[in-house]
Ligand SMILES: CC(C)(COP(=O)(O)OP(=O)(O)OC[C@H]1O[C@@H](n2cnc3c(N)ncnc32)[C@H](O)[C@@H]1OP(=O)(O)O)[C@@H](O)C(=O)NCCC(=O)NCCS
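Below you'll find only one chain, the form predicted on its own, shown as structure tokens.
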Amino acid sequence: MCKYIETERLLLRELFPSDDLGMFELDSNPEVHRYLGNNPVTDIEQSREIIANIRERYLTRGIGRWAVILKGTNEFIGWSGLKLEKDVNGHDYFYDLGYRFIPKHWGKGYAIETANAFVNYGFNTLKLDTINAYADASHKASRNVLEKAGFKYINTFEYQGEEEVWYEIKNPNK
């Protein structure tokens, strides 16, 4: 597995236990959780558990979300990446693209930059046939990122009591 991906402005790498303060800043913010069930973390130990769970996914599933680090400052600004997911919208197993950023970094194009990097990684390194993503149906910014990255809207469905939209992108090399 590739240990990091570099884009023009960002370093994408596996999450480390030392990312706990950044993860807590991200996941304790109610605005970040507006489209995620409104359930922000309240204690840094929860962030440490999240990181441990993601690191376990690296071992058991070969992939998981990665830290997004701003090159100029070495600052943790969020996470992005692929994870092997299951049992959503009638799909047994699928590779899911996701991203989440600290609000002061919203609107700067980081989500699309990481989405493009992980689509490239998924198709050219992992040789995946398809990558999926889903988002809250009312989260226009996230939907715009997916569409700019080449994902196609497939359908709307209910998941955990919320209306979600399902997207996919096919590997053009297959």
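Values in this document were obtained by computation on a predicted structure and should not be read as measured data. Start at 1 with the first residue shown and count on from there.
Here the subject shifts to the form predicted in complex with the ligand, a form of this protein not shown in this document.
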{"property": "Candidate site R9, W106 and A135: all three near the ligand in the model of the complex by heavy atom within 4.5 Å", "result": "yes"}
{"property": "Close approach of Y95 to the ligand in the model of the complex, 4.5 Å, heavy atom", "result": "no"}
{"property": "Partner contact for S47 in the model of the complex: the ligand, 4.5 angstroms, heavy atom", "result": "no"}
{"property": "R61 within 4.5 Å of the ligand in the model of the complex, heavy atoms", "result": "no"}
{"property": "Contact test in the model of the complex: L128 vs the ligand, heavy atoms, 4.5 Å", "result": "no"}
{"property": "Residue stretch of 66-74, 52-60, 39-47, 110-118 approaching the ligand in the model of the complex, non-hydrogen atom distance within 4.5 Å", "result": "110-118"}
{"property": "Within 4.5 Å of the ligand in the model of the complex: residues from 133-148 (heavy atom criterion)", "result": "Y134, A135, H139, A141, S142, N144, V145, K148"}
